[in-house]
Structure formats: structure tokens, C-alpha cells
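Just the one chain here, laid out as C-alpha cells, in the form predicted alone.
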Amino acid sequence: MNGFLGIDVGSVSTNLVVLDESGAVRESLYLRTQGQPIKAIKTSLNMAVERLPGLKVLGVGTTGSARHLASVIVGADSVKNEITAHAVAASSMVPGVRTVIEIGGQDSKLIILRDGVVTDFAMNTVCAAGTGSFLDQQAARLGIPIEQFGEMARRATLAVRIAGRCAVFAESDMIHKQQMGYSLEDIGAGLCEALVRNFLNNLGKGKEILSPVVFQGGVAANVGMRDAFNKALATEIIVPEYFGVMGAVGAAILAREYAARTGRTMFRGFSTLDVDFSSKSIECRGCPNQCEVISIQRGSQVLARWGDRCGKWSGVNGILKNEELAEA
């Protein structure tokens, strides 16, 4: 089959989606990045080939915090930030969407759309209390599998009030509530509501949140969080079918649009699986900025660099040799 790849590489997960020529999702993959994005990208490509033998790639899009790295490895046609990718995917899955809530493992996003155009957004990349990893940690501390946490919260008779402004305060407050004798169900529901308050107070402050509201990201699997958002916003929360890989869906849609305009692709091919890529970082001492420059290499060949502010390194991709890097 002919298809378009969307690759979303984040700190927690690496997601890959294959769209067919009609734009329908034919395959979706979710892997843990585990601090090895290059390995995760190769593994996801290998799994795509195994599941869709004979796949001919007509276009590739990358997104996520490691989108530039993924772009160099696979030869991407479209490289977009997470806000754009998630907004495109939500608009495609839920036409007319006006608010997108996205909560992943390490960050969270609020995207405001009007008439299909992003008009405002906010991201939380600082406070752990508004992320999925915090929910994972507290579920583990309570001895509850994260997959069962949402259903447990639904059985609460009273969602106890837990401080949600800070991860440290939230955890200490939760421990205090346990010591007072509240049930795990009530504490679980209270924790979900605390995370929702954190999200709305930090990211939603001053923003007009209108329906339809789409909830995506890995945390959207938690029905307790869905219920908490529903209660706080007093509106229906829509969770799309591919909520966990929406960034990759958006990247694939953008790659499909690029292919429609140009009729070509820069995809390196699945032979990429047999190539050894490596990364190297240096601290440039050319000025007081002391930029941390990353270079991606295939053997001795430098494929790309980024991280500098002035363009001294990134502006000469593949020209400078390794000896020159060492002398920087």
C-alpha cells in the first residue's frame, strides 16, 4: 500500500502513525522512548514494515521535542511543532473543534482554535503536577495500576480537596488525607480534580474555553480525568479514537498535504534501519552565549546540527568535519 508516516518523538513516548492515501489511519504505534530516541525511531519504523509489508512511503512528517532529530534520521518532508500537529489532528478528527486539551507524560497544552485556525495556546513544561508522570507516580504510591486509576476514582463518594498547585504540596496533602482515613477512591477522585484545577488555573487563565472540547494525549485514557474536566467545564469532553497518538496523526496529515503540493518525498527509505546514527554535543566557546550544539552523524558524515543561536554551526550542515567540531 501507499502511505504517509507521522512520527512524534517525545521524552516519554515515540509514536508512529501510517495514513493511507484517503487519509484514514491504517496503523498506529506507541513505544516508550526510554531516553534513546534514535533507537525508538528505528524500532517504530521496523514495526511499521512488519505490520504493513510492501508499504511505499509517499511522505513523512515529524513532530515532538525530538522532531529535528527524527527528521534527519528518516528524511522528513514536514517538521512541525506539537501545537501545530495536535491542532491539525484534532481539526481532522473532530471538525469544528474550538478547544484542545492535551496532557502527556512530561507536559501539557491548551490550544484555542477558531474556524480551524490556532488563535492562542499555552504550554506547561515546568510543573510536574499538571502532567501524566505525576499521576503515574501517585498511582504507584497508592498501589493502584494506572490503568485502573480512573475507574477507581469513579467509585468515589466524595472527591476530597487536594492542593494541586505544586507536585510536592499535592503529594504531601494526599498523604495527609490518607492518614485522616479517606478511602483510596475519594483520594483518587480528588487527585484528578486537583490536576484539572492545576491545568485550568495555569494554562486556561484568561482564555475562553468553548466547546467542542477535545481531550487528547495519554492521560485522556483516564476516565477519572475525563470526568473531572467534564465537571469543571460543564461541557462534554470529546476523546478521539487515536487520542494517544494525535501528534503523529497531525504530522502524517501535514506530510500528506506536502506530498499533494509537491509530488515528491525526501524519505530516506527503510534502509535507514541498517544505518548507524550517532549524536555528539559540544559547548561552543565562540562567544559568551556558550551554546550547546548537537550534531547528528552517519559514520564520519555530519548530517545536521542545531542548538546554536547565531547559525555558526547549524548554518553549515555537513560541511565542517569532526576535527573542527573538537576544536570549537
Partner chain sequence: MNTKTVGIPQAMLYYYYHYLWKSFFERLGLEVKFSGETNKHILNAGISSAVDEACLPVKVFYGHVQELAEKVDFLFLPRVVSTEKKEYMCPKLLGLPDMIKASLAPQTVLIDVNINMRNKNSTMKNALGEVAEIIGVSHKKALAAWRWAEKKQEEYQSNLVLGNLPFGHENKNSAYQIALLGHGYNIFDNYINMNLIEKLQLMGADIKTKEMVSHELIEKHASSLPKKMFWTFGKQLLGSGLYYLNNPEIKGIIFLASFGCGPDSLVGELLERWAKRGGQKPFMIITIDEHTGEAGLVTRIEAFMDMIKRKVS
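Residue numbers count along the first chain shown, from 1. Since this is a predicted model, take the numbers as computed values, not measurements.
There is another form of this protein, the form predicted in complex with the partner chain, and it is not shown here; the text below is about that form.
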Which one of I175, M123, V223, L158 is close to the partner chain in the model of the complex, taking close to mean a heavy atom within 4.5 Å?
M123
Looking at V97, V79, V239, I144, which has any heavy atom no more than 4.5 Å from the partner chain in the model of the complex?
V79
Does T84 reach the partner chain in the model of the complex if we count a contact as any heavy atom within 4.5 Å?
yes
Tell me, yes or no, whether G299 is in contact with the partner chain in the model of the complex, where a contact means a heavy atom of each within 4.5 Å.
no
Taking heavy atoms and a 4.5 Å cut-off, does T262 contact the partner chain in the model of the complex?
no
Within a 4.5 Å heavy atom cut-off, is G35 in contact with the partner chain in the model of the complex?
no
When the partner chain is placed as it is in the model of the complex, which of 253-261, 186-194, 147-155, 226-234 ends up with heavy atoms within 4.5 Å of it?
253-261
Give a yes or no on whether each residue among L19, K39 and L273 has a heavy atom within 4.5 Å of the partner chain in the model of the complex.
no
Just to make sure I understand: among 276-309, which residues lie within 4.5 Å of the partner chain in the model of the complex, judging by heavy atoms?
E283, P288, N289, Q290, E292, R309
